[in-house]
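Take a look at this single chain, the form predicted on its own, given in structure tokens.
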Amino acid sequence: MAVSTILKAVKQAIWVGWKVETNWADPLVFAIYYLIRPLAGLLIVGFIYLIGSGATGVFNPNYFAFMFIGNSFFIYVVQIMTTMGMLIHDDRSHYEVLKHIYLAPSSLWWYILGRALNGVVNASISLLLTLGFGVAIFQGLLHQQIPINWFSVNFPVLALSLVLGMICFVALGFLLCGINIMTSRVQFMLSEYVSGILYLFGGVVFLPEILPSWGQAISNALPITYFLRTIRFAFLNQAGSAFQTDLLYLAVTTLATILVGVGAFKIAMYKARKDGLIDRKEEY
């Protein structure tokens, strides 16, 4: 397939994803929603920490920044898992266009990739708004500086971490698409389950070291753990080990996720063609 055809398919898929995401509201309402949704989640976690700190009389600004960064960048996981977790169901059963996309000259792979990239773009917008408003809100409430200096961010490490992380999360999304094309009733909960597991074991709001030994073993196998470590190093110069090691582990676990996600999707597509699942209607 020509590169121009691939790029056109990805571009159109991004546009379709954007229209699907925004067709329920006018632009102003949608913009407010995309600010309020992630910011509300961040504020809930932040206020829980502040209430706990007030009860104990101990406030650690470094740990607050640790939690703030982890919860903010977890937006990528939530957005990509939600987008790709519902994609097959929406296009096959709701809009009934999956069979037409499958038969189109461009590959279904590139269409799914474009939809995933739309999730990345939406998450990036939410992240920038959340970081900006979140820091301002909490610094106003705490009357002290949160140790996040925008001018001292290690942008090369941040950029490399984001690229590896996005590749990993999209590959995990392909795994969800493969599972959903084989089933009919798990899409509503699958993305929540996966996001919940990553949130619990990935060191989003607490150090994985406080988990039991079996929990730490799971955490050490998840790419989200190393993704957040390198992101925190870029912002706060905080890392459980040398950031070069974390970047290496992030690359290795990302490669493993690609192999599992792409392999599972290939197997699922083969069985879907064989069993006639691509145009299956789901009746409830």
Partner chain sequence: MLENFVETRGLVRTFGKKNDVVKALDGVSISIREGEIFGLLGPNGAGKTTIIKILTTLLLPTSGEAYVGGFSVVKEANKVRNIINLVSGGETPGYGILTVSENLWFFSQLYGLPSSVAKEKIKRLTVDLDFKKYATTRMAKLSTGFKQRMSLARGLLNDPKMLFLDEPTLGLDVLTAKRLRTYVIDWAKREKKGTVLLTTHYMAEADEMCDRVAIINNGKILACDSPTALKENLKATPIAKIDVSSIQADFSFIQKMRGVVGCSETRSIQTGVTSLKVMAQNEKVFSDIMSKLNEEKLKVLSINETEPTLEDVYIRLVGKGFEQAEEKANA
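None of the values given here were measured: they were computed from a predicted structure. Positions refer to the first chain, counted from 1.
Keep in mind that the form predicted together with the partner chain is missing from the display, and what follows is about it.
Peer 1: Would V262 sit within 4.5 Å of the partner chain in the model of the complex, counting heavy atoms only?
Peer 2: Flag for V262 set to no.
Peer 1: Does any part of A9 reach within 4.5 Å of the partner chain in the model of the complex? Heavy atoms only, please.
Peer 2: Yes, A9 is a contact residue.
Peer 1: How about L160 - does it come within 4.5 Å of the partner chain in the model of the complex, if we only consider non-hydrogen atoms?
Peer 2: So L160 does not count as contacting the partner chain.
Peer 1: For F174, is any heavy atom within 4.5 Å of the partner chain in the model of the complex, or not?
Peer 2: Judged by the heavy-atom cut-off of 4.5 Å, F174 is well away from the partner chain in the model of the complex.
Peer 1: Taking the partner as it appears in the model of the complex, which of 107-115, 129-137, 150-158, 196-204 has residues with heavy atoms within 4.5 Å of the partner chain?
Peer 2: Comparing against the partner chain in the model of the complex, the contact stretch is 107-115.
Peer 1: So which of I179, I146, I101, V121 gets a non-hydrogen atom within 4.5 Å of the partner chain in the model of the complex?
Peer 2: When the partner chain is considered in the model of the complex, the option within 4.5 Å is I101.
Peer 1: Can you name the residues of 85-99 that have a non-hydrogen atom within 4.5 angstroms of the partner chain in the model of the complex?
Peer 2: Heavy-atom contacts within 4.5 Å come from D91, Y95, E96, V97, K99.
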